[in-house]
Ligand SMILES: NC(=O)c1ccc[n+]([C@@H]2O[C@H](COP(=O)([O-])OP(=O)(O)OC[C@H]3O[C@@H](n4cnc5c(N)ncnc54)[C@H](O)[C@@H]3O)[C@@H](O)[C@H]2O)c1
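Listed next as structure tokens is one chain, alone, in the form predicted on its own.
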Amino acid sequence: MEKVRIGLIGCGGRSNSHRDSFLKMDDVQVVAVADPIEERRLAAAKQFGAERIYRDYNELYDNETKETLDAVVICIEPTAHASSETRAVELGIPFLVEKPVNLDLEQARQIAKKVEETGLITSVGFQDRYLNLMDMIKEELPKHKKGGLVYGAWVGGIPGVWWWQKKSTCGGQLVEQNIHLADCLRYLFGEPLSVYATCSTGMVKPGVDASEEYDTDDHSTAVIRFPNNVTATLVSGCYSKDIRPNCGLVITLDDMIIDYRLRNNLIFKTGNYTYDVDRERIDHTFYLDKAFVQAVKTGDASGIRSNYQDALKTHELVFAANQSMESGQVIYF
């Protein structure tokens, strides 16, 4: 395989980071693109010289096979995940898909089962796992007594895309956005034992601060218990307009505080010193994409840090938090 031939499904916002990655790779060629908006699909095709241009992923799958594509990268809104992954599995085409992978958890479980049965190479866009800062946290944690409190936050404004305005089309902020920090918690501390969550609305005014359709949570708080006496409190908020708190994770160990400032830097604090580390200035999406491309080229998926089956567990965690918000009950795993 000289170059990995990629089909790009979705040419909007998040695909830009993946396209930037592929432009830096000598062993990748985007050969097909699909997007319902003509301007976007034509711009992406021109960027790579792709001659096969489609209006949607169904049209792409109707015309492409594993003989013409080595992989697809799926960057579409949460509500569009009907058969975008299922058809890739049926055709035997490896795929990288952005989160949230599906708003229908049962459908996601069915896809994970098919992926497992076929052994298809997959990757999900949890790019924080590829940060050098996350590597440093994982290396540091075993050096200390197990257990402690974790505080996580992702608080900001409302993204401008239409599907973010309604919980039915985005899943809520915890599912659509703060799922990244929920995934970091799993990556660092293992599988959760339970989650209890609450949410609030009324701060953001539909038609004033957001669209008339807005009905998602203004903020939510999830308390997640992990093994080894670890309890994490994860807050999400989309009501803050002009100022935001420090977002990320603060891990309080018995003799150290690890302060992960979201995708920016990492601060280690003890009673004797403070050590501040910046993130590498290479976009962490590049490492996510590079690991996927390498897996497709070699058949060795060990460099992929979150495949579809693993990512499903993070989705089950945040959907359980949504269930707890609605029922007022603790959800046990």
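Keep in mind the model is a prediction, meaning the values are calculated, not measured. Residue indices: 1-based, along the sequence shown.
The discussion below concerns the form predicted in complex with the named molecule, not included here.
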Given 223-231, 207-215, 94-102, 189-197, the stretch touching the named molecule in the model of the complex at heavy atoms within 4.5 Å is 94-102
Counting non-hydrogen atoms within 4.5 angstroms of the named molecule in the model of the complex, say which of M203, L149, V161, I257 makes the cut.
-> V161
Students should find that, of V277, A43, I282, I37, the residue having a non-hydrogen atom no more than 4.5 angstroms from the named molecule in the model of the complex is I37
Joint contact, S15, E77 and H180 to the named molecule in the model of the complex, by non-hydrogen atom at 4.5 Å = yes
Does G125 reach the named molecule in the model of the complex if we count a contact as any heavy atom within 4.5 Å?
-> yes
Should E85 be counted as a contact of the named molecule in the model of the complex, where contact means heavy atoms within 4.5 Å?
-> no
With heavy atoms only and a cut-off of 4.5 Å, decide whether E64 touches the named molecule in the model of the complex.
-> no
Does the 4.5 Å heavy atom contact test between R261 and the named molecule in the model of the complex come out positive?
-> no
